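Have a look below at one chain only, the form predicted alone, in structure tokens format.
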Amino acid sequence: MSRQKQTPMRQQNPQIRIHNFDEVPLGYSEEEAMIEAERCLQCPTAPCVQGCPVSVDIPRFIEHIKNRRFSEAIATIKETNSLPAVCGRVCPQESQCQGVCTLGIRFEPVAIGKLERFCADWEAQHGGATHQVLPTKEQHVAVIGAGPSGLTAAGDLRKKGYQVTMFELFHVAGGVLMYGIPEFRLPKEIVQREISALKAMGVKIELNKVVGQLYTVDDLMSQGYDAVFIGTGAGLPRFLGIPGENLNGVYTANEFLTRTNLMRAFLFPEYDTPIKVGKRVITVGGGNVAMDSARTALRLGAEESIIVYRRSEQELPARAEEVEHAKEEGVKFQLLTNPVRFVEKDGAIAGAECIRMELGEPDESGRRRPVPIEGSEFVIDADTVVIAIGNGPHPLVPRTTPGLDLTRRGNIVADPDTGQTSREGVFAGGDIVTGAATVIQAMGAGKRAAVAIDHYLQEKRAGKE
């Protein structure tokens, strides 16, 4: 067996998949997973575990796969990761566990994410690991927001025996996993399968509950909750601040993807939410959300989908895999380009006037700063524009919680190791603290907060005895 290259994963043909919303990668067979597991060196230092924000025992679960002990493999993962089917699909393994894989020093790293996905999918077909829950304690914890950080905190606290109730403003749980990531990258039935496992443990989920409007954090604590975890994410879209941004046909990525994913606009009229794209769609931005939007536009019927990004390809923040998939599907890249205004025709978007950029000195992010080239303006015709340049913290809960320290941008100030905020008994984690980050980083914050909440509640209980 050669250790040099990863075992490839089968995927849909690009010319076929741009006409459907089915998942693009098709997963490993048992034999393929075992072949890939053989590549693991089982090195004693296990840097991959250190690179995982939720500290999955990666060598141990891979060793189980190698020996066809798939049930033991998924049980190992679930010791620390409540959402393996999600993480195996959308985590940036290349910059985390795989990024520090010893094998990757000379060859391609072990395909840890693909093996994690295999285990989760195998469990769905065959049954497997169940979460062990300690005897139920008297203390109650409220978790605000049913996204990755909230789901993780809720699951870990329930395992410790606490009575946990989640409050979610949407009509389904899952947060960004449901509204932000397209079906072809993360099927929604998989997200709900993971959430069903938490419900089976006894986690209660209250839907259509807007904390900060129906009731506040103070109200929850006065109702008998002993601790509160805030995981409301970064759902406030950022804008370019240029003329024409309010024209018909200009979407934020939040609206574009929420309509498509959560409200199932791609199945209109079977579902009631419509969405309109014309022949040519421009997506402004270079991250994963921009790739998701540009690829979604093709599936909704656009003949041409163009990414407009102000830096070069080397600075694209999107995962290399997502960029590659976008290129395979025919998404075009207009790089070193930035919109300066949107062009109107009959009250609707007709195009984007852009200016060409060149890279100057590095900015605070370490990337070279884009500098406009005077006199280089030109127009790209477009029927639809999607703005995908990032999000800010969801403001409702922070604004309605007195005594909660916030950053200048409105993020909650919380201890990075514990999630403890300036309010006693109130913890926070995920994008509402860090700004927009990855699913697994939000999950890591939820795990750390669950440990801290457990310590806090044990001390609180001991003080009453």
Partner chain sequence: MYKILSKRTLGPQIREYIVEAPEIARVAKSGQFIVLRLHERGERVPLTIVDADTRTGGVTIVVQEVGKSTREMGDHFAAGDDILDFVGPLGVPSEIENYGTVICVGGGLGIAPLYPITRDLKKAGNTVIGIIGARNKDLLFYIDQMDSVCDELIVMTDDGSNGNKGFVSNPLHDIIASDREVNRVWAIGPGIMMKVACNVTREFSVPTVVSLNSIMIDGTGMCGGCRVEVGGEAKFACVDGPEFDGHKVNFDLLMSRQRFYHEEESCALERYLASEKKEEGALV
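If you're wondering where the values come from, they're calculated on a predicted model, not measured in any experiment. Residue numbers count along the first chain shown, from 1.
The next section is about a form of this same protein that is not shown, the form predicted in complex with its partner chain.
With the partner removed from view, the residue among T258, N288, Q98, Q139 that has a non-hydrogen atom within 4.5 Å of its partner chain in the model of the complex turns out to be T258.
A single residue from the set V250, I205, I190, V90 has any heavy atom within 4.5 angstroms of its partner chain in the model of the complex; that residue is V250. Remark: A200 does not count among the residues lining its partner chain in the model of the complex, judged by a heavy atom distance of 4.5 Å or less. Proximity of V331 to its partner chain in the model of the complex: non-hydrogen atoms within 4.5 Å are absent; the residue sits far from the partner.
Of the heavy atoms in I389, none are within 4.5 Å of its partner chain in the model of the complex. The closest heavy atom approach of P372 to its partner chain in the model of the complex falls outside 4.5 Å. When contacts are defined as a non-hydrogen atom within 4.5 Å, all of K209, F239 and K276 contact its partner chain in the model of the complex. Of the candidate stretches 148 to 156, 351 to 359, 214 to 222, 331 to 339, only 214 to 222 has residues with heavy atoms within 4.5 Å of its partner chain in the model of the complex. Contacts with its partner chain in the model of the complex, taken as any heavy atom within 4.5 Å, map within 262 to 294 to M263, F268, P269, E270, Y271, D272, T273, P274, I275, K276.
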